[in-house]
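One chain comes next, on its own, written as structure tokens: the form predicted on its own.
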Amino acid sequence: MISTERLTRRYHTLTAVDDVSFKAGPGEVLGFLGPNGAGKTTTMRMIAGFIAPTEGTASICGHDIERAPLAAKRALGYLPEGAPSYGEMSVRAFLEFIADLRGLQGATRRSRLDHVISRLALQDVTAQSIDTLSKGFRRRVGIAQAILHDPPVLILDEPTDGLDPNQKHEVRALINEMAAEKTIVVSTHILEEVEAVCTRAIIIARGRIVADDTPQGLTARSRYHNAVSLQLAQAEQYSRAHAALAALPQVASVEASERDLRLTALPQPGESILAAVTELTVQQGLELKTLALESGRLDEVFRSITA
């Protein structure tokens, strides 16, 4: 559905995107993740045909974006960063304009317009000019125009940036709803976005792909993978618990937060320490508020890969 081969973009002496190759198939929600300035948006713009690559190719549903741009763009819904639109237009007029550009006619046109207005909860603002809308509603209008023609491929650049928690939840629910039928690329720097909606994540740094894995596979690289975190109920047990955890042979180190009486035991490579830590708390007579097994921390993996 989406394929890039050695995609590269240079601006004079700056290489913004450097030799990026990947494929994404049907039913896949690919998180394109990286720090600000990593090359995410430039890559999305090249795939969408908004800017031309210096080298390499990109195709959508088998259509090369440079050699067959109209066929590629018919198969694509694109939400650019910031959801740009024509601010002087009303929401209804803008979506009608997009329907014209997409060649939608008759019953199909009416059905798709009704669907996106309802699904993005735009009924109450269709007569308002876009520049009077809140940032959240402008983002919804941007998503509506991207899905209006029901494309098999979606590229969403920072789809929830700046939205409040309720709006983020609504957008993520929509992405999950569409995922079964489409190939979706979500470009973001928000780590929780990847964990919430993505089946796969590519991390890009300094214009190059530095990781390509499932979110679970990435968190498994964390030094907190299979770590055990516990919070004590009594301050007088803190020092004894810290020493006992550090003495366990399966434990590589112990991170401590005396302020909230929390200890996190990090395992030696390949070790599982939950049973040993649980047994130790019983032997030591420790009173606990919480005890939890960690799956890993994506933010720590992200920092270690992109630093």
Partner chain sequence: MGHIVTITKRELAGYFATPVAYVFILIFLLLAAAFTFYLGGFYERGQADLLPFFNFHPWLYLFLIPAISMRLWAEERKSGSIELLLTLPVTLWQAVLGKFLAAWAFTAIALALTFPIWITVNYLGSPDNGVIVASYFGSLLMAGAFLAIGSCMSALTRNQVVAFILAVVVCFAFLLAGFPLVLDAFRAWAPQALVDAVASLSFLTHFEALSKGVLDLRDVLYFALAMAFFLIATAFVLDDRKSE
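Residue numbers count along the first chain shown, from 1. These figures come from a predicted structure and were not determined experimentally.
The form predicted together with the partner chain exists for this protein as well; it is not shown, and the discussion that follows is about that form.
Contact annotation: of the candidates Ala220, Leu101, Ala173, Val210, the single residue with a non-hydrogen atom within 4.5 angstroms of the partner chain in the model of the complex is Leu101. Listed residues Ala275, Ala252, Ala247, Ile51 were compared with the partner chain in the model of the complex; Ile51 is the one with a heavy atom within 4.5 Å. This chain is displayed without the partner chain, yet in the model of the complex the stretch 101-109 from 164-172, 101-109, 198-206, 182-190 comes within 4.5 Å of it by heavy atoms. A residue is said to contact a partner when one of its heavy atoms sits within 4.5 Å of a partner heavy atom; Ser85 meets this definition for the partner chain in the model of the complex.
The partner chain in the model of the complex comes within 4.5 Å of no heavy atom belonging to Leu230.
Although the partner is absent here, Leu70 is a contact residue: one of its heavy atoms lies within 4.5 angstroms of the partner chain in the model of the complex. The partner chain in the model of the complex is not approached by Pro151, whose heavy atoms all lie more than 4.5 angstroms from it. Residues are counted as partner-facing when one of their heavy atoms sits within 4.5 Å of the partner chain in the model of the complex; in 161-190 not one qualifies.
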